[in-house]
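Shown next as structure tokens: one chain only, the form predicted alone.
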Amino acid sequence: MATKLVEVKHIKKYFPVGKDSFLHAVDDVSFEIEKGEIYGIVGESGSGKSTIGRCILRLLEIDEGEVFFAKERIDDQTKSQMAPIRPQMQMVFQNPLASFNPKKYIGATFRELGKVYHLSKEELNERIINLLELINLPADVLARMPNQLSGGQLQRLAVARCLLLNPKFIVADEPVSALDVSVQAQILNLILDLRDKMGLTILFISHDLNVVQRICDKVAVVYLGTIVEQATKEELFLHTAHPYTKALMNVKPIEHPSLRSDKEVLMGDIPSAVDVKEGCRFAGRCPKCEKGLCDCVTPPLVAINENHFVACHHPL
């Protein structure tokens, strides 16, 4: 029987913008991540994907809801209560160059982290050597500055750094979007390999459905701060139910020009998340929108089957 490692219940995160107005970055989001699973969150820029990840790690504090890690509620814990949990929850950021101090050698960054968490010099050196072997980089990278390394090398080191404390859970926030395609494949293979070798549980955030399809076990599609569709990877790509998910599928990069078709392309930009009104948030861009229903009544996330949930009045 699968064991839940992360559980998110009805979390909300609003940011004040001006007087009496709020940006609904995350609005009533719930999901579970099982141990050893790669759970994907996908959506356009501005949909709230990264904010969800930061709320789970408490890099941002939620306004409502609950977050559980290893069956322990963590959203209401104090800084001292969170201290022993922090090493178990780590993050890989989008821009590898911005992840490292440009004025410090790579080795100094690793040693600083070891010092904060009271690792002995011997233990720290052993962990660093083992991690460099795992990510297939030579030991001399520790004596280099960040600007002397490629984006792919830096992202490998960012992954290694977050593994230094033997975490159970990693949030990978667009970890390959800043890299070229050939390097993307290397990082994705590395993540899959590390998941299998170390039993990691990963929240993988991306806007690229091709990447999500390759690496994730389950996927949540997020639009304007809410989950509009959630399913296993196989179910989502074989039986797409939400018009927004279908639109994202239609703009996936193709492997060859001969595969082009006349699929309908999503028009317009994601609307403002400030003071969102009742109704389906996708209604203004949806070809199946029914006036008086879709634009007035918010659809709940309901089960199509055991592994597939959708929030739509007229699912495909």
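Note that the coordinates shown come from a computational prediction; the quantities given were computed from them, not determined experimentally. A residue's number is simply how far along the shown sequence it sits, counting from 1.
Keep in mind the form predicted together with a small molecule is missing from the figure; the text below concerns it.
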For this session: Please check if E44 has a heavy atom lying within 4.5 Å of any heavy atom of the small molecule in the predicted bound form.
Result: yes
Exercise. Might A25 be said to contact the small molecule in the predicted bound form, defining contact as any heavy atom within 4.5 Å?
Worked result: yes
For this session: Check whether R281 has any heavy atom within 4.5 Å of a heavy atom of the small molecule in the predicted bound form, and answer yes or no.
Result: no
Exercise. Looking in the predicted bound form, any heavy atom of G40 within 4.5 Å of the small molecule?
Worked result: no
Problem set entry | Option touching the small molecule, based on a heavy atom within 4.5 Å in the predicted bound form, out of E235, D75, E174, D217 | E174
For this session: Select, from the options 283 to 291, 31 to 39, 48 to 56, 65 to 73, the stretch whose residues sit within 4.5 angstroms of the small molecule in the predicted bound form by heavy atom distance.
Result: 48 to 56
